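Only one chain is shown below, in structure tokens, and it's the form predicted alone.
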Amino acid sequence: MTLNVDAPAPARRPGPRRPSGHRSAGRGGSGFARFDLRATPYFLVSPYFLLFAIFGVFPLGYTLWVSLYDWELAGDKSFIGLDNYIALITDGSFWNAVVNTLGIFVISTIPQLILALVISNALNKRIRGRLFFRLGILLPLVTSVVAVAVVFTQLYGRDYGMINWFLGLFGVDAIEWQNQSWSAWLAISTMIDWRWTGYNAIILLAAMQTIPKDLYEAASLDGASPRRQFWQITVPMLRPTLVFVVFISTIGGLTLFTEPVMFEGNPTMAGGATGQYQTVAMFIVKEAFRDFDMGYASAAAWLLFALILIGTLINYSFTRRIGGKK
């Protein structure tokens, strides 16, 4: 004996009737929506890439082409291949500018990033007047870089500068800050740090505020001290932002120009009597617009570009290991 349990299929209810022209209108609408969905993002981002092609890619290619010529500004030109690059590699003035640039970069960037990290961590705490301090560290950024350089140049004056006056209280003789490489590097580095430390601190502070509070609460329950929470939670979570800050600082530090020019006072792009604080950017401008050798200056610009790439890769490989096992 068998039992049949198959239920009868439900009756299909008639749906609302579509208008006769619905199918064709739907195809057109979906096609336009698909085109809008795919094409609109390209239209929105195209102005940036168009401007980048005009003001970024074209100058790169044109500079590379000029660097292969013996090209005097408003004069004759002749193709010489890689001779400009070979001459630069054996040019002591160019390497002196490279050493100055790297020296100022190291002296200014490392303390700047450490100080920015400390300040951002302090401003992330619950302190009175937190908004006032957060806005206060941005004040140097709204100051003209020329004004900053002029004020700091006066501070580092030999006879009437406040730095020498302060050091004189401890028996230190007056220092000719522009005469030696180390003293000039130090003076220029303080200008850079004063201007850009607050900017980097705000970026790191914004990143700190995205770290989940649950991590700190769980660490506190496990008995982790604030110092351990900083190194084990805050710094690893800040790694992507630290990479960005290091990238920006590397590019800015290796293309340093305004501060040493204003520190010199006489903008001949020489960087002192013996080039003791002449940077690569100053060297390029001197070759192009004082010595009128556009081909040589273009080759120096491309070597500076290569130097920035190398410096960025080195800093990236170092930064990506911060707070991690790699």
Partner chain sequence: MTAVQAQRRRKSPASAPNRIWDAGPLTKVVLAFALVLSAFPIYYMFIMATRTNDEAIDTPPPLLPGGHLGENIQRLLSTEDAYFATGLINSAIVATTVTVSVVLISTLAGFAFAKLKFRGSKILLGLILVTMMVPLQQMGVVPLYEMMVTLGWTGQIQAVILPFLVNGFGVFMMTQYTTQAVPDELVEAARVDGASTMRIYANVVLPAVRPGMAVLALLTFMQNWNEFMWPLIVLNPDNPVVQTSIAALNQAHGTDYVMLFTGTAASVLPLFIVFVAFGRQIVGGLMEGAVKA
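These figures come from a predicted structure and were not determined experimentally. Rigid core (definition): largest C-alpha set, two forms, superposition within 1.5 Å. Numbering follows the first chain given and starts at 1.
Below: the form predicted in complex with the partner chain, not depicted.
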| query | Thr274: heavy atom within 4.5 Å of the partner chain in the model of the complex? | reply | no
| Would Asp173 show up as a contact with the partner chain in the model of the complex if we use heavy atoms at 4.5 Å? | no
| said: Residue-level question: is Val243 within 4.5 Å of the partner chain in the model of the complex, judged on heavy atoms? | reply: no
| query | Does the 4.5 Å heavy atom contact test between Glu217 and the partner chain in the model of the complex come out positive? | reply | yes
| message | Let me test this: is every residue among Phe132, Ile284 and Phe305 within 4.5 Å of the partner chain in the model of the complex, going by heavy atom positions? | response | yes
| task | With the partner chain left out of view, choose which of Ala97, Leu238, Ile137, Ile107 has a non-hydrogen atom within 4.5 angstroms of it in the model of the complex. | result | Ile137
| Among 144-152, 180-188, 86-94, 99-107, the region lying within 4.5 Å of the partner chain in the model of the complex by heavy atom distance | 144-152
| the partner chain in the model of the complex - contacting residues of 282-305, heavy atom within 4.5 Å | Ile284, Val285, Ala288, Phe289, Met294, Ala297, Ser298, Ala301, Trp302, Leu304, Phe305
| Flag for Ala273, CA shift 2 Å or larger between this form and the one not shown after aligning core | no
